[in-house]
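Only one chain is given next, in C-alpha cells, and it is the form predicted alone.
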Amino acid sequence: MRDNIIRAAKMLVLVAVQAFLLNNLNLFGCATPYLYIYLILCMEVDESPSKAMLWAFAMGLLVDIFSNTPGINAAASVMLAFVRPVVLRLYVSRESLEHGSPSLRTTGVGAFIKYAATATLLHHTLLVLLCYFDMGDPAGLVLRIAASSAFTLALILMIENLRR
C-alpha cells in the first residue's frame, strides 16, 4: 500500500510538471518533452503487466485531461507499459535487476541509455503519429519524433544523474 501511495504522489508531481510547464515548452516549434513517461520507465521489473498498464493509463489520461487531447497520451502510455518488459530485456540482463527498477545505477549507463532511448522513441512515435497524423509531411513527423525524443531523453538523464 505504501508503494502505491508513493507512486501516486510521483505520478501527480510528474503530471503537474507536464501539464503546467512542459506542455507549454515547444523548442524550435517541434520538440515538446513528455517527461511523465519517466515513471513508466522506472517501474520495477517484476511489476505485473496489467498493473503497469493501469498506472500508465491513469497517468496518460490525467495528462490528456490537462492537455485537452482525446486519449492520445493514454494510448501511447499504455503501449509503452506493454512493450517495456520486452525493451528492457533487449538491453538489461535479468540478473542485474532481479527485483529492482531500471536506473543508471542498477543497469549501468550504456544499458539504461539504450533502454530509455528505445522506449522513449517508441512512445513518441505513437504519440506524434496519433497527434499530428499528417502523412503529407513525413519529414516533419520524423523531425517532431526525433526532437521530442531527444529532449525527453535529456531530461530523463538529468533526473537520473540527480538521483544518483
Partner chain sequence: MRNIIAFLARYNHWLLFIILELVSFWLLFRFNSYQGSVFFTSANRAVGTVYGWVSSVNDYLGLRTANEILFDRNLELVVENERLRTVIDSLGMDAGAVSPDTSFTTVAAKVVNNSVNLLDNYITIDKGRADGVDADMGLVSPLGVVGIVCMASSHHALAISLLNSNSSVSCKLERSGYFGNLKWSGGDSRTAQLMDIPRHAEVHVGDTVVTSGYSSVFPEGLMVGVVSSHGFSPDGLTCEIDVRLSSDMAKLNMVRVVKNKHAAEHVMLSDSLKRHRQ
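For clarity, every value in this text was computed on a predicted model and none was experimentally measured. Residue numbers count along the first chain shown, from 1.
One more form of this protein, predicted together with the partner chain, exists but is not displayed; see below.
A heavy atom within 4.5 Å of the partner chain in the predicted bound form is found for one listed residue only; from Leu97, Ile65, Val109, Leu122, this is Ile65. Partner contact region in the predicted bound form: 50-58, out of 35-43, 101-109, 50-58, 114-122, criterion any non-hydrogen atom within 4.5 Å of the partner chain.
In the predicted bound form, none of the heavy atoms of Val92 sits within 4.5 Å of a heavy atom of the partner chain.
With a 4.5 Å cutoff on heavy atoms, Leu25 counts as touching the partner chain in the predicted bound form.
Although the partner is absent here, Pro70 is a contact residue: one of its heavy atoms lies within 4.5 angstroms of the partner chain in the predicted bound form. The shortest heavy atom separation between Ala19 and the partner chain in the predicted bound form is within 4.5 Å. Relative to the partner chain in the predicted bound form, residues Ala74, Val78 and Tyr132 are all within 4.5 Å by at least one heavy atom.
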